[in-house]
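Just the one chain here, laid out as structure tokens, in the form predicted on its own.
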Amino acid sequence: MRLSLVCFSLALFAAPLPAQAPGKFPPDSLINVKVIPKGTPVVQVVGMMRNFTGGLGVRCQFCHVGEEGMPLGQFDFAKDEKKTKLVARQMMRMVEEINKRLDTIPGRAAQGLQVSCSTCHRGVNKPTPLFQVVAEATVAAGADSAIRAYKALRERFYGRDAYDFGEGSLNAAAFRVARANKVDDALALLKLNEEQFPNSSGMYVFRGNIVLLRGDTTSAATAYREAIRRDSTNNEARGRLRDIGRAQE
């Protein structure tokens, strides 16, 4: 079960019943509810919907039939024609099941823990790790395009929970790109990372590992030595030098 899929947004309160005034929001009662108990107070459901949209960084029309700027009373919340709404129901059931299982974990490890939409989505509708976003963009369109996308995400989300802008994300993305036989693009990602983390030792281990993929032991040895120069305790770099027979040079 992948927690990264938890809880797409879903408003399960319905459009007004025929007896209600047209355009009434919130409605007096619920219809077409599949997960939330039908007797749940409408005001409570509205609060749940706000939590969902906040957790995914979306608006009502992500799951429901309506347009941005349209009065909520004109939305057709009862319709099930959007795939995101159908997926959301499954995500809600999954969240419920996970929380039940948390209570069965022995000891105190899970005491007080509860999974919610925000546990994985953290403000984005597709909770994909940053390294994967960058790697896929690089393989598809090249490093220049991926770097522009990375900078745009950093500008928008830096300081929030949505993405990890630490050193490790671009290192991991670069290595994945290199394994897709795009070594030059991978090195371009590491160059960007070095601009942000100019004193990194671990980044040079990645650089060495990446150039090794094309058999360049000389450049790899240079990278591993630079990693050690920056951090004399970097035993991974020392081990890599031994592996390629360059430890005594």
Ligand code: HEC
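Residue numbers run from 1 along the displayed sequence. This one's a predicted model, so the numbers in the text were calculated from it and none came from an experiment.
Absent from the display: the form predicted together with the named molecule. The rest refers to it.
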**Request:** Report the stretch among 79 to 87, 152 to 160, 172 to 180, 137 to 145 that approaches the named molecule in the predicted complex to within 4.5 Å, counting heavy atoms only.
**Result:** 79 to 87
**Asked** Of the options 65, 221, 192, 30, which one has a non-hydrogen atom that comes within 4.5 Å of the named molecule in the predicted complex?
**Response** 30
**Asked** Does the named molecule get within 4.5 angstroms of any non-hydrogen atom of residue 204 in the predicted complex?
**Response** no
**Asked** Taking 4.5 angstroms as the cut-off for heavy atoms, does residue 56 touch the named molecule in the predicted complex?
**Response** yes
**Message:** Residue-level question: is residue 70 within 4.5 Å of the named molecule in the predicted complex, judged on heavy atoms?
**Reply:** no
**Prompt:** With the partner left out of view, is residue 101 within 4.5 angstroms of the named molecule in the predicted complex by any non-hydrogen atom?
**Reply:** no
**Message:** For the named molecule, considered in the predicted complex: do all three of 36, 50 and 117 come within 4.5 Å of it, counting heavy atoms only?
**Reply:** yes
**Message:** Using a 4.5 Å cut-off on any heavy atom, which residues of 116 to 135 would contact the named molecule in the predicted complex?
**Reply:** 116, 117, 120, 121, 125, 126, 127
